[in-house]
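One chain is shown next in structure tokens, namely the form predicted alone.
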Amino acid sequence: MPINEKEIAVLYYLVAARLCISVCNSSHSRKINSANKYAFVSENQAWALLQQWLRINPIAAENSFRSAIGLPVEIPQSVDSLIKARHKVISPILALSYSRPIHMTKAAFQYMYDACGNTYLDAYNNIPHVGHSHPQVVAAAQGQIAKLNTNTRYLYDLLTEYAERLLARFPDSLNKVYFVNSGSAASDLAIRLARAHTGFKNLMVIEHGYHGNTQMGVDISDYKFGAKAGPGQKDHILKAAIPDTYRGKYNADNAGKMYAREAIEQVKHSDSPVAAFISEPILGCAGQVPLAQGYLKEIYPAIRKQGGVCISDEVQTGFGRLGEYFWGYEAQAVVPDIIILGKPMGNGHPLGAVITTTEIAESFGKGVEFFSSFGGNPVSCAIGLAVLAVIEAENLPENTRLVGEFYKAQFINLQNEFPCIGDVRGTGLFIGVEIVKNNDSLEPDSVLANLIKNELRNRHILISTDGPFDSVLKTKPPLCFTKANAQQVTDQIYGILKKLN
């Protein structure tokens, strides 16, 4: 019987399903009768082919099958026409990535698939924390939305269960959680908590820091208010210098202490006390800049002494992304009073949270009622629980540590060969590579950084650039990233730089 078009459309997935059945049968046979070598003789080959199959865009596979039996290949809509249609209804201020934007259709784990049949290695997108379309997370969302999705004014088990599982990852003092829909909403709420508890208005932020897209988020984000088109620094905002050991004025041995002392002097000379000090453990939009060691250990006690609280923004650094540390603040050997969570906790589903102490929660509880229509809804809680389960079951922080160490070492090898790589920094799968015109002068080279980014895109690898000069290559892939993936990225960068030289 000739194969028909409907069968062609599902053949890619049938092949994948057959491979899944094969490895499951082999595993089961090994469990019940390990002496029967024949039952799992092809297991390794099946796993290898399954991994290879994952790297193939389903559209590319279907087009190949269609060509093989003489059917016409479907031509996707042009990117230019898609951009034109988008800009009719969406403002261009919502920017697109790359000089040639990509029309994406699907994604799985660390791979993304475009409409033309190309597969991209995602070395950039830190939102799908445990991998794009992770089946356990997808199943949790599908199962729960078919049963119940409501708000927190009703009792349902998932809210308490998820809160308990999440809080178990923090010190005992951090025992209250407020669920919201994003890191931006969490930042906004964290400032409300701090002001309600302290009675103060002033806030201390870090140079080039970013904490969200709400009005409050912009007010506390130098990355936004200090930008060329930004609204400027508000009177109640104190801005501390970024404790950068690469471009900064203090060397690595004493930088943390010296930068902290400068910030503490600002607080002392402020016209009123500071309600909160807020910072990311590694400043992402600043160019993946880690806080100098010892910085928070100096500044946290000083903020608390004058009556303020300390906020750690863990939106980008949390949930094991740093490998050795589940939360970024742990690298500084401190415990914050308030923690902001977002992006990765829902693996792409809009989910955020604020973690705090009983004392601060009680202060906030004396004000108007807090309510979020969607914060902590049953579907969000089911997804959040699934993400935590995958992190634990697949031991992703350990994979992040091992792959991150290898990845960073490959970048350092490139740095040793190419003087345009000025600094390699970060921890785990949160790495920044500073591109400069000359390693001696440290003059940023945003043109070369963007050339590398776009040339990698042409080679089907996704990374991005950031930092005050847009001169830092940033890579924050899903935590299922492998050493082979890391090698692919650095090999391609080597090829790009070698061609330029």
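Throughout, we count residues from 1 along the sequence that is shown. On a predicted model such as this, the values are computed, not experimentally measured, just so you know.
Absent from the display: the form predicted together with a small molecule. The rest refers to it.
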Residue-level contact is defined here as any heavy atom of the residue lying within 4.5 Å of the small molecule in the predicted complex; does Tyr210 satisfy this criterion? yes
How about Val315: is it within 4.5 Å of the small molecule in the predicted complex, going by heavy atoms? yes
Contact flag, Glu280 vs the small molecule in the predicted complex, heavy atom cut 4.5 Å: yes
Is it the case that Lys343, even though its partner is missing from this view, gets within 4.5 Å of the small molecule in the predicted complex, heavy atoms only? yes
Using heavy atoms only and a 4.5 Å cut-off, determine which of Ser182, Thr152, Thr357, Asn125 is in contact with the small molecule in the predicted complex. Ser182
Choose from 402 to 410, 192 to 200, 420 to 428, 315 to 323 the stretch whose residues reach within 4.5 Å of the small molecule in the predicted complex, heavy atoms counted. 315 to 323
